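First, one chain by itself: the form predicted alone, in structure tokens.
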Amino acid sequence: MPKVLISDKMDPRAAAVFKERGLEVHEKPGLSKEELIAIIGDYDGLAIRSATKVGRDILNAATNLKVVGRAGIGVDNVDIPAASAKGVVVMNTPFGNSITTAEHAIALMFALARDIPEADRSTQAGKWEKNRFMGVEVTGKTLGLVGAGNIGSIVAERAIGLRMKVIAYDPFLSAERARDLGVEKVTLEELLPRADFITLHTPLTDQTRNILSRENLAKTKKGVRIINCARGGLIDEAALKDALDSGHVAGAALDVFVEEPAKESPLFGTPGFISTPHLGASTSEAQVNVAIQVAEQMSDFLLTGAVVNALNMPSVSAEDAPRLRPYMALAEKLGSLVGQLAHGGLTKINIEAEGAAAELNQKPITGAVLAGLMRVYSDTVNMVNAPFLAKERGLDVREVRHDREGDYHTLVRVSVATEDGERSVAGTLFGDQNPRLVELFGIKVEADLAGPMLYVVNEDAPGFIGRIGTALGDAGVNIGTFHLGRRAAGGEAVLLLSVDTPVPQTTLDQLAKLPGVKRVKALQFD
């Protein structure tokens, strides 16, 4: 009988689910790190919330551990690479607290609109300052959503019910999905000056970090009110304080901070600022939902091998795994490449399999492509939930098999339709194991996709390669491999370089100014 340890305080219905499914469960919240290390070797599963830190030392002691289940979305307290190396599956429940978080954002929007926290403090202090707290209505105002996924969509629905106009920026939001939600799809540049309220509902990635930067805050409408119940780091907190002090931003409400727990912040005490201690998921209903979900997921895995919402394991049967593994590695790299390079919002994705790849189960390959593609924008996506996230955003995902035999014994092609046109990449397996890129945006090029890389589009002209090499050498960047392709002599060429270390932004800016360079982009592959 599998044994499960619940090491954080969790709704008792989680333990009830484990027992009903026939598992042995022990509830021991509040264990010290040393106490957990001493007993973890006895357990097949570990159910946690945010208090337990599952690091390498605990995983090394977990000789029988097969799965860690996080009741909630964030897995910052789990060393996922170490868990993967130990063969431990890490699961979360990314959708169990969506309504709760969305409602908290709406609550903070009302609190900002009517100065409720400050008015409460004033009144309880014996004052009666009716004229001091002149709020604004939300009816008829424009709400700008940055992120229109699961939580953002719920916020949009509630806001429309409040008779607000909702505009949304999300790279994965299709025009059809926007119509279904009743929102107007816009670019970030369009959203900033139009929104009376801005609410953030996007994960923290390299693309979204400081998405409300000092520069972008300056582009917002004077008197805007800003809400963040998503992740700390999406807003430049120092710039937000300056914008509040100047009056450009009328109010801001943060449930999340760059540093948590936020014992101190430059924003504390700033007029117009409201804060809560990361309460987005803190309702009794949400705690019950995530507890039940994690128990069900872990039970299914331990009893049947079924995988749901795993962050480090695809949904693949034991029989298919050996054959599919190299194809999924290729597919994920191709998805990541097109995700990092494609311009504009994505509306359609075609995943074509040719030769030996066409004979395989396409769902894991599609899941791997989508995981690679969407991981550029989301830090919680995986091969299991990527198709759901794509569907949620209205992406048109199509799978195509070709019986024909082409130049390669197996080929996977990923094409995306963007606002700037179609972009396509293709790859194959060398020796049936090693992923290799063979085509990039219609240009033949052979390259490995690994580690930090540099992508350059340039005019094919004498001396260009020497100038690139010299510029990188002067910056102390060592070139590992060099891959060049072109449409025709003297035409457009693409250059893919693997480098030993990531290329600094200052160097990228210098390369972009070289004669003949049309585009420069730093890439990163796991």
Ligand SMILES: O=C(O)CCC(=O)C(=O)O
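Just count from 1 along the sequence shown to find any residue number. Small disclaimer: the values here were computed from a predicted structure and weren't measured.
Note that the form predicted in complex with the named molecule isn't included here; everything after this is about it.
Visitor: Name the single residue among 310, 395, 281, 440 that comes within 4.5 Å of the named molecule in the model of the complex, judging by heavy atoms.
Guide: Exactly one residue meets the criterion: 281.
Visitor: So the named molecule isn't shown here. In the model of the complex, which residue out of 413, 375, 231, 185 has a non-hydrogen atom within 4.5 Å of it?
Guide: Selected option: 231.
Visitor: Look at the stretches 400-408, 266-274, 327-335, 68-76 and give the one with heavy atoms within 4.5 Å of the named molecule in the model of the complex.
Guide: Result for this chain: 68-76.
Visitor: Is residue 97 part of the interface with the named molecule in the model of the complex - any heavy atom within 4.5 Å?
Guide: Residue-level check for residue 97: yes, a contact with the named molecule.
Visitor: Even though the chain is shown alone, can you say which residues of 37-55 have a heavy atom within 4.5 Å of the named molecule in the model of the complex?
Guide: Contacts from 37-55: 49, 50.
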